[in-house]
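Shown next are two forms of a single protein chain, provided one at a time as structure tokens under the names structure 1 and structure 2.
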Structure 1
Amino acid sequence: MDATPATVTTTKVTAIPGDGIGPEVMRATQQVLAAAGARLEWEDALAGAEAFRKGIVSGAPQETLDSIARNGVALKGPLETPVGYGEKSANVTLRKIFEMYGNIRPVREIPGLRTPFSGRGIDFVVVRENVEDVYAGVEHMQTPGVAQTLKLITEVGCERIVRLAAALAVAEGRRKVTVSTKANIMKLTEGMMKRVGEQVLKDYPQLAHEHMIVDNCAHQMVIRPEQFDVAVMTNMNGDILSDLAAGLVGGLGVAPSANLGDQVAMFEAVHGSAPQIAGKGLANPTALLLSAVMMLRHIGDFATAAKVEHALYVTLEEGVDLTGDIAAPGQGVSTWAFADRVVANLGRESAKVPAREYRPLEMKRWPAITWYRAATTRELVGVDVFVESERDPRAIGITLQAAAEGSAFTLEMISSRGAQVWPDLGGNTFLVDHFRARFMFKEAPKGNGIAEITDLLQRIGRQHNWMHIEKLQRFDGADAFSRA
């Protein structure tokens, strides 16, 4: 049962029609919402291809950013990055500027859409961390043939997204949160999500909690998708698995999404601008309409959300007046005829809409401060030096040992792409010109260790080209680095 407060006030929403089919699906969605009696006032804003063509390098003019900041809620069509206008995506700009750290992707069987999984009762939500991980895009060529990207995972980033996943589970009356990670391999980064998940979910005793290795999670989503309720993941895992999950229930064309931050929530269809069919009245507005349903719940208008959702489901179930992408061959109608049918069905109820008791999403507000995590003890125990070399590991070992002679360090080992190659363990690791040499302090440095490290780098630099270093530290007595 959905409950709406007696006094429903009008909410101002920034509407970004976007590119391609965006304006068409936006108009159809707005038509249905108006007919359903949603108390919304739209503020139209520009972003995407037209903004780029006007020379706005971010793809979103200041007026658009101001409108979103003022209203705190936006409904957005797909945005294109036109060729020849740089590589910045207006979508990423908006996500980053407003720190929309939570990407919410509901995955639910859609009536009338036959898929190999129809009838299985799929109904879960993928919660994807949206701003960290390898998507920070901090990349360097280490040698002309070896590239590196930084996978940055923060404790606070993990806590924010797990708390959001738990809050969402509570708001939607769901029972279980699955934290899915690759913690078995990446013990520090992915492991942080696992550990934080275990910690944070203790605060939600009403929710069951499980951890699932992400590759098995992909497998389980295909084998037994109905077992999932809320699944939370780091950015790249969530990116891939949320698309996989959308594929289970009919594809990206009908998948809605929300991007949530502390100040701003932006709702959008997962699909793109479909340029091939743009302007022809062929686009299916289902995904944007379902995104708008999420938006209505976000602003607390549960009754209108349910009304629109039911009318849409009745329309899809009955299969009369569907757009060409989902209609029987030759039976497709226009975007407008479909929207008219949904409007005509307002007030009717579908048994296919899961009975759910929605409550307002209680999101923790994070203070606007630089987040800092102290450690009681810190020790500097060594340094990893990354060198480019075409020599074999034995020769490199001899030269690096010689370089370290008389320094504050001893050479502990050399690895190639994470596998130890010196001292030789007898394996047959394929070698490239990129080695990590691990030097440990012979005894704890008196000061901050920088003079000793600088001395070591100068010694190494006489024979080798080194490209970066990592300090090896221990925080609160625990190694803050992985073993080879």
Structure 2
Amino acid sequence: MDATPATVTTTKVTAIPGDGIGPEVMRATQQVLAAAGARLEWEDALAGAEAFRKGIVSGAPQETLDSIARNGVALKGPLETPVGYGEKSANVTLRKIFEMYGNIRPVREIPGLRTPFSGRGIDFVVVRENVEDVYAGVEHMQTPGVAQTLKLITEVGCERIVRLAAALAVAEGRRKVTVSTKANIMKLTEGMMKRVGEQVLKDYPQLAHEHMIVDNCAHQMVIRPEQFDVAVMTNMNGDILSDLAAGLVGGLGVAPSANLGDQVAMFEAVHGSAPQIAGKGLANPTALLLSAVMMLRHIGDFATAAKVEHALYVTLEEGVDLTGDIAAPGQGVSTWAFADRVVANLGRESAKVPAREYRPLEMKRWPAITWYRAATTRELVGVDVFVESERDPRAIGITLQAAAEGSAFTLEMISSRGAQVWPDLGGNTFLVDHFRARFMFKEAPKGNGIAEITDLLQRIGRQHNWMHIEKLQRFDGADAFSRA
């Protein structure tokens, strides 16, 4: 059952048809929503390939950004994204500009779609942190043959996404939240998600919660997907596992999603633009229709959301007038015939729609401030210096020891791609021209340590090309850096 608001007002929505099949599935979706009586006013906007062709490197013109900011709600079709070179993803741009930090991906068995998992009652939600992690896009070539990306995880970012996952569980009457991380390897970044998640979920005693290593989570989603209710994870893990989860119930072609922030919500189909069938009336609008159902619930129109969802499920369940990707061989119909069938089924109810009483999602509002996490004590204990060299580790160790002689530091170790190579531990590390040299202060610096670090870098620079440094600090008595 869906709660029904006392009054229904007209909501202005930014409509971004997108690329390839986007305009077709958008038109079909709007047709169904209008027939269902959704009180929506559409404001068309441009993003994606056409914007790139106009030289807009973000893929999103200012007029589109202004429309989204004005309306606070957007429905978006698929956008083309350059791969490997050139412009940034317009999808990522929109999420970052409007700080849509939460990506919501429902994973539910769909009637009429046969998969190896049919009949098992899969019904869970993947909640993905949407703006941090390696998607910050901070990358550098360290040497001509070594690239680096920064995995940026913040305490407040972890808290925001876990609180959103918990709020979603409460709004949908779910019972368990699984925090999934790679904290066994990345103890500071992924470990932060684990620690913060466990702490935050203590505030929700009505919810059971657990931690699961992400590779095991992928394994469990395939072995026993019924065990999940809400699964929350960092950006890259969530990106991968939400697509895996979609594969359990029919694939990306029928997978809806929402991107939520404090000011803006954007609902989108997560499938590609399928340029090979664009303009042929062959596209399946199911994913965008289900995304629109999520949008209707977001704006409080629970009754229309239920009406559209039931009509869609009845259509898929009966198997009459389905698009070619899900119909029996040779029986596929056009996008428009499928939409017409859904419209004809409005008012009918499917027994396959899960009995769930949706409530308004109560998201915490985060203040627009520069978030600062203070430490009671802060100690600078050393510095990692990354150097480029074609010498062997023993030779590098000799030269760096010589550089440190007479400085405030001693050379503690040298590593290559995270494995210690000096002092020699007797392994067989494959060497590349990128080394991390760890220098520790002989005694605590009297000031901020900058003068001592500058002196060390000048000494190292006489024999080596160094790329960057990382301070080694202790916060509140605990090491704030990893070991080799």
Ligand code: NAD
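All values derive from a computational prediction rather than experimental measurement. The first residue in the sequence of structure 1 is number 1, and each one after it adds one. Between two forms, the rigid core is the largest collection of C-alphas that superpose within 1.5 Å.
- Structure 1, rather than structure 2, originates from the form predicted in complex with ligand NAD.
- Once both forms are fitted on their rigid core, the CA atom of Gly447 lies less than 2 Å apart between structure 1 and structure 2.
- Here Arg53 counts as shifted, since its C-alpha moves by at least 2 Å between structure 1 and structure 2 after the core is aligned.
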